[in-house]
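One chain comes next, on its own, written as structure tokens: the form predicted alone.
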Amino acid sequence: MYSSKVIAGIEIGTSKVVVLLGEIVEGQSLNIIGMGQSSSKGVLKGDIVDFHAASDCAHAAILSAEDQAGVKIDGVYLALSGSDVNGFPSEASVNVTSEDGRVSKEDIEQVSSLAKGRDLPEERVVIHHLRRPYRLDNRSVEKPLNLEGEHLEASYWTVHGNARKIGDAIHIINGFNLHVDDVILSAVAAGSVVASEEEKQNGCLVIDIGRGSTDYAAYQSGRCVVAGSFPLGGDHISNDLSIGLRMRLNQAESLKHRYGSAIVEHKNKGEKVWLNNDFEIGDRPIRLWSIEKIIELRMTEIFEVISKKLGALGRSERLGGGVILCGGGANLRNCEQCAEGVFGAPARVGDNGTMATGELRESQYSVALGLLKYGLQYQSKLGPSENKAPGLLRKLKGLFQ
């Protein structure tokens, strides 16, 4: 028998902390009841570099969300990102053991355990085991139970991170007397909201462009099959503008928001805009082509890094569902066109309309909404996702004892 439970989806990003509260009723339905935000300090490229500063910002956002909703949080689902998140493929195979040649539950459990059994260094911890479809006698099958065959194969993409860095993020939440129920990679959380089942089935790519890092999650045959993170984001664009056009970083940030484009729109190199737009001492004209070219080069690099990491999965013929962009970086003008140029597939900015209305439909809230969706799944009769790594929080708990 289920009762009401209040869960929080918390994203501690480089630029801001977002906290969304959801009330799960009878373990089946989710109502979004509160939101809190604060600027972020002490976070660099997705990693916590000043624990106390990051804690103060996170706690301010949590308090704001609880005050708005008038409730206390029962459990937290926390987004992970950062420079130290990596992944690798892991495979195993077994012979079908039953006399009638049909796959048994024991066969599936054995091959899955073998595929997920690769040891990691002590300082690393598994975040997700993302399962691809099984293969039975070299044919792809989603549910092999009771099918006839001789040879069963299982394949996973294992996402892992630095235990200490993940532990720091969890410790921030624990410091507010809250319990982290689970941790989810940012792009995996966002993908559960912005990508439709049809897009996932046809093959799609979700890219979450943050200020300090970019996360990605690739889907094939309805499943997330590869995911990762790397330390390039919106801050790097501002830094490029600052260095390339010889200006202060805050001026570059302002220029990016006012005139930024992910592709060169203005071909006339003589067209200029004013740096500060106040015509005071220090204000000067800047070539619009130069602004756009610098941004285009960096955005193209971000997408090319992902394309290289994905290999064959990043080719246009594997992306029938297209490329879906979210996060603050997705708001950069012409970001979709830049992505299309790299991947050769249609691109769009994600929309959270399946879960939210109003302001929360904006792509910058996709991760937090996805965390709540995961929370609903965990609290429902469906039980925990098979893509989660058992023992993750148990292993990290030892860091604080």
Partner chain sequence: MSELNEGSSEIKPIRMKVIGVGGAGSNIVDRLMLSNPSDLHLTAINTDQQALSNSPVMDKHCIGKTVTHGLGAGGDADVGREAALADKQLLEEMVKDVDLLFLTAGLGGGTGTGVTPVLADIAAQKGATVIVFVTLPFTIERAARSNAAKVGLDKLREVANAVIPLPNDLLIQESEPDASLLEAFSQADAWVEKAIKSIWSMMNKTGLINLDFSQLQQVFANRSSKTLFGLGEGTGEDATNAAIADLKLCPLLHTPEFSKKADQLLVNLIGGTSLGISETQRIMDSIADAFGKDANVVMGAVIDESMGHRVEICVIGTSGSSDVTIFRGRRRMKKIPSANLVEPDSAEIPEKKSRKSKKTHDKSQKTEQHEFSFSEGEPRGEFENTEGTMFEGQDLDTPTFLRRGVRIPI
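Numbering follows the first chain given and starts at 1. Note that the structure is predicted; figures quoted are calculated from it, not measured.
Separately, the form predicted in complex with its partner chain exists; it is not shown, and the next lines address it.
Using a 4.5 Å heavy atom cutoff, none of 25, 31 and 361 lies near its partner chain in the predicted bound form.
Look at 254-262, 135-143, 318-326, 228-236: in the predicted bound form, residues with non-hydrogen atoms within 4.5 angstroms of its partner chain sit in 228-236. Just one of 120, 114, 273, 297 comes within 4.5 Å of its partner chain in the predicted bound form, counting any heavy atom, and that one is 297.
In terms of contact with its partner chain in the predicted bound form, the residue from 129, 171, 200, 293 that brings a heavy atom within 4.5 Å is 293. Although the partner is absent here, residue 105 is not a contact residue: none of its heavy atoms lies within 4.5 angstroms of its partner chain in the predicted bound form. Not displayed here, its partner chain is approached by residue 289 to within 4.5 Å at the level of heavy atoms in the predicted bound form. Mapping the unseen interface onto this chain, residue 309 counts among the residues with a heavy atom inside 4.5 Å of its partner chain in the predicted bound form. Taking non-hydrogen atoms only, residue 244 approaches its partner chain to within 4.5 angstroms in the predicted bound form. Residues of 246-273 that come within 4.5 Å of its partner chain in the predicted bound form, judged by any heavy atom, are 246, 249, 267, 269 in sequence order.
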